[in-house]
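There is one chain below, alone, in structure tokens, taken in the form predicted on its own.
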Amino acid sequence: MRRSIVRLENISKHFSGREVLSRINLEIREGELLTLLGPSGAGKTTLMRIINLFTKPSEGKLYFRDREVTRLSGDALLEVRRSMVMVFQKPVMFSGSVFDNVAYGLRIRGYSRAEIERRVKEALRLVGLEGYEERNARTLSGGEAQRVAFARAVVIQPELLLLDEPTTSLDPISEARVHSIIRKIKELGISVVLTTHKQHEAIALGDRVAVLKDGKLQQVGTPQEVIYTPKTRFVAEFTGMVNIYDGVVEEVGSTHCTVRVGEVALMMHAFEASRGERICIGIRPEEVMLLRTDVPLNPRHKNVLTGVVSEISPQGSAMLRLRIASGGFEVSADVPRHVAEKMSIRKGGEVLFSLKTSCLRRLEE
């Protein structure tokens, strides 16, 4: 288990009587990349400002390497803050050259000119801006300015790098370049926290993902855990589980439960519930299994249903999403294009599919 670099205990924040963060408990570990995922207004930036000691929490405690730093001020505060750097959504370039911008933090720390030149050169190489030293920093494109901000941050070799929505205003090519830089920074051993509202970005970059909604932590886990075992309806929806249904518990057994959705009774792995209880369940589109009709049905397949394809839409060059109407509800299924072609799937055609008991999950509201 990696050591903790930052720990938040019951952190809350109020602005003008409005609660922006509510009892946040979160750990940031050495060398990990933690992504904070949530919509605008979820409290991500406020949480980052508290971690960076820009903003004091209304309640709770903040620890940096097991030292409580919640109420520090003066030189003690400056000492801790020098161990971390925050890159904002729209980085501001200082007046002067790219070299001057990247060298700024080293100069105020009193490094020699030779050491400054060496480190600035390494930092610009890391972000792919070799040869930009004499360029006017305020004439750079948005993507170039973002990369200079990264170089300015990593050149001082911080223990913790905080990135607030770093790709929000970037085109796809610039976004991919920034993702590559972030991965390189993590390889240097720097702990990274990145806020984003983009599900694909949080999943692709994060060692762990923390999902925020209305100032409350909904779930923290690996990308796999957050995607495939979401705890709440919000986490499921925000990470792409489009098949979410309200149902009624019909039977409760020791190994399985039965939940009625529309005209269909679906078998699920057992969970604590009462007969007649209204619950929410879901399954991801890539977990819906299409079955061949030209071979005998495997008895291990449960929740086998017949439906009609109501819509076919591309999901990238190799995948298709099918909308299937069945038993009073609709199911979205993601299938490889070559599979759809081999099975002669067409709009208006009938298909056989299975909703595996292990893939159906109960979701808290």
Partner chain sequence: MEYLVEGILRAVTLILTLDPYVISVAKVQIIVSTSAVILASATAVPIAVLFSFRNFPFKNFLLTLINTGMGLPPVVVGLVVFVFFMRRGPLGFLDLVYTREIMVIAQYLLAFPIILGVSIAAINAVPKSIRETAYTLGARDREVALVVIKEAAFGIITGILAGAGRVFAEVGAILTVGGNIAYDIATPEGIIHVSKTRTLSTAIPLETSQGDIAAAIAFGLILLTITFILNLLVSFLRRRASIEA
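Numbering follows the first chain given and starts at 1. Predicted model, so just to flag it, every value in this text is computed and none were measured.
Same protein, other form: the form predicted in complex with its partner chain, not shown, and the subject of what follows.
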None of 77, 114, 176, 270 but one has a heavy atom within 4.5 Å of its partner chain in the model of the complex; the exception is 77
Of these, 70, 58, 52, 315, which has a heavy atom no more than 4.5 Å from its partner chain in the model of the complex? 52
Interface segment, criterion being heavy atoms within 4.5 Å of its partner chain in the model of the complex, picked from 115-123, 193-201, 98-106, 167-175: 98-106
Should residue 156 be classed as touching its partner chain in the model of the complex when contacts are defined as heavy atoms within 4.5 Å? yes
Looking in the model of the complex, any heavy atom of residue 84 within 4.5 Å of its partner chain? yes
Is it the case that residue 183, even though its partner is missing from this view, gets within 4.5 Å of its partner chain in the model of the complex, heavy atoms only? no
Can you check whether residue 275 is within 4.5 Å of its partner chain in the model of the complex, heavy atom basis? no
So in the model of the complex, are 228, 233 and 283 all sitting within 4.5 Å of its partner chain, heavy atoms only? no
May I ask you to list the residues of 163-194 that have any heavy atom within 4.5 angstroms of its partner chain in the model of the complex, in sequence order? none
